[in-house]
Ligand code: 3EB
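What follows is one chain in structure tokens, specifically the form predicted on its own.
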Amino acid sequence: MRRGRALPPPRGTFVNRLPSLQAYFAPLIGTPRPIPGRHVLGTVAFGERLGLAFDPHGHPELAVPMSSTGFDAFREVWTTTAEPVTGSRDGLVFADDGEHLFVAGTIAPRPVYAPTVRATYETAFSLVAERGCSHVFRMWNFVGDILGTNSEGLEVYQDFVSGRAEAFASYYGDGIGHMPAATGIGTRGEGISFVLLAARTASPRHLENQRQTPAYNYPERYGPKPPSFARATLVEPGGTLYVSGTASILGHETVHRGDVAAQTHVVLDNIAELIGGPSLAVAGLDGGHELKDLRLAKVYVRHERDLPVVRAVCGEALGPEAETKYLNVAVCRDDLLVEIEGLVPGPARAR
């Protein structure tokens, strides 16, 4: 173990005294700026290399090769109000503030990923359980050569999805009801890396989009196992709504193949539907949000030439407060040109 102490809150502690979790974007060069009263839980560095380590201040950091000329290079910094314990286990790094757990790991390139993905993700889920933070509410999966094929001729993304689905099934049964908001996106390198966030006492509500088939119900044409994620997750207390990587999909079909502007509009419409009042009401939640409430938006653009169009559409829909970052990487289907994720600070509350 490294820094600080992390203990469960004492019995009778009011929920508003639990550590609060926030994130911000920071420059890639240098170390994250200190914020009075807050501590770094973990960071993801969107740069030019793959790496997993502790930074000079002892914070766990995953570095992912996703930046390129004309696009953004930055850090996503997760902070908390309690000083965390940090450590490593079986190749994973983690930080635990007593309520929130940050876990990150990497998998080296290999001919077939599924067995190693299953073993690595099972290790991560085991660590989550051992730390007492069994409510996983957000995952990011960074998949190098995502549209390539493995040594058996299976698409790398489908290979990855198979291993992840087996890990969910082995640890959570069928997994439905436990699948968190997630992003599965390409990188500009090789290998697979991931980050997950879990909570000890908070109650995540995993949400679906009325315009889209739940990913875990996709037909077999998309691979031997369906993707394991929810379209969004709401975490109480606080009411932060974590929006999964969202693409130009209606039902389970890609729409507007070859038209990046139209795809971007569909993505934004999907997010608007997901976070809006009528959609939340279906899930038994009060409140509702607009697109301009989205924060820390990350926009993944497959083709460099499409950036001006995507930037213009997103800039008008999201506004400057979203702090949008753009990355030039492949999306999980060869006919998808753009994917967008983000979060909405509360409140959206259970009835």
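Note that residue numbering follows the sequence shown and begins at 1. The structure presented is a predicted model; accordingly, all values stated were derived computationally and were not measured.
From this point on, the text means the form predicted together with the named molecule, which you will not see here.
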Pick from 114, 249, 127, 202: which has a non-hydrogen atom within 4.5 Å of the named molecule in the predicted bound form? 249
Okay, which stretch from 82-90, 181-189, 67-75, 255-263 lines the named molecule in the predicted bound form, with non-hydrogen atoms inside 4.5 Å? 181-189
When the contact criterion is heavy atoms within 4.5 Å, does residue 100 count as touching the named molecule in the predicted bound form? no
Is there a heavy atom of residue 105 no more than 4.5 Å from a heavy atom of the named molecule in the predicted bound form? no
Against the named molecule in the predicted bound form, would residue 172 count as a contact residue? Criterion: heavy atoms within 4.5 Å. no
Should residue 337 be classed as touching the named molecule in the predicted bound form when contacts are defined as heavy atoms within 4.5 Å? no
In sequence order, which positions of 221-239 have a non-hydrogen atom within 4.5 Å of the named molecule in the predicted bound form? 227, 229, 231
